[in-house]
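One chain follows as structure tokens, the form predicted alone.
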């Protein structure tokens, strides 16, 4: 074997190192997926199977959890149920098997819609404002730039719930309590600092020569920003949007304190789903399973931008 073929790069990992790293990644993925898989399985269990001990891994699938999630039920006597017509669908049939009737829809769908509007609305605003601010810090001479950036970063050092009481009093005074607009503005204000810091790093990687060439060709500064900088910063915008959306989508403390009905989101609603005799765990698991779907879909749709790397668009020298 020649010396050239036997030489080993100090940068390229060895086969053993790659196998070890791959094993760690697979192990980590399996461990983190077990709770999610268990939640999905519980959503298809009956209430009795959900609380059985030892826990059942093999069971007969049931849609009772989803029916209980989307409907409200009331207990009736068997004599009254016999006077009714045939069951109107699967959920009505399941309810009657437990001597109950479907009284109407639950509040899960309105709460889920509130989560969609508030989370995506605040994400769009935070990313838009963060992109403009990050561009200004990256391209212009801003007085006390370092101090301002540190001040923006310092807003993330304090847990948001620490200012919950002042925000609650302020919102109650100005009429933003229990409103979608109030929650969108609140989540936007919390996420803007994160968006500025993340996007500034991405925009710093984009060479100024691109914008200068565009402005020499007759573009205005804003046109150069829209047509040159934004396409190059797609990776950073996608990553920032995901982080902002995850915070707004999962936020619980502010939602509990500032909403109670009209603007209540899904996180505070899911834990209070009460079934007959206690917590309806299949319905809770069903609501959690459906609650995970938008985040997964949003991340999958943006994965191609995330995989491009933060140096996408850099000038090779």
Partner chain sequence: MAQIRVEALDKSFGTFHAVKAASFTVEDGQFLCLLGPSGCGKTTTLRMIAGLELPTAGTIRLGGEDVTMNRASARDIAFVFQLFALYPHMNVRRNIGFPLKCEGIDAVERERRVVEVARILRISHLLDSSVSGLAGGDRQRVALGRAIVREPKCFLMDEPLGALDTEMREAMIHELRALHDRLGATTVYVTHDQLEAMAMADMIAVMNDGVVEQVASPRDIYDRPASLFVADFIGSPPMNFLPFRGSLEAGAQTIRLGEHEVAVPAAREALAESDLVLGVRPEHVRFTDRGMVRGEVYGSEYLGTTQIVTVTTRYGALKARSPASVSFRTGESVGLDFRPDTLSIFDKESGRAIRTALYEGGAHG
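Not measured: the values here are computed from a predicted model. Residue numbers count along the first chain shown, from 1.
Form predicted in complex with the partner chain: not shown, discussed below.
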{"item": "Exercise: residue 136 in contact with the partner chain in the predicted bound form, heavy atom 4.5 Å", "value": "no"}
{"item": "4.5 Å heavy atom contact, residue 101 and the partner chain in the predicted bound form", "value": "no"}
{"item": "is_contact(residue 160, the partner chain) in the predicted bound form, heavy atom dist at most 4.5 Å", "value": "no"}
{"item": "Heavy atom of residue 75 within 4.5 Å of the partner chain in the predicted bound form", "value": "no"}
{"item": "Heavy atom within 4.5 Å of the partner chain in the predicted bound form - the one residue of 87, 201, 231, 110 that qualifies", "value": "231"}
{"item": "142, 132, 215, 117 - the one with a heavy atom within 4.5 Å of the partner chain in the predicted bound form", "value": "215"}
{"item": "Stretch from 67-75, 87-95, 222-230, 186-194 whose residues place a heavy atom within 4.5 Å of the partner chain in the predicted bound form", "value": "222-230"}
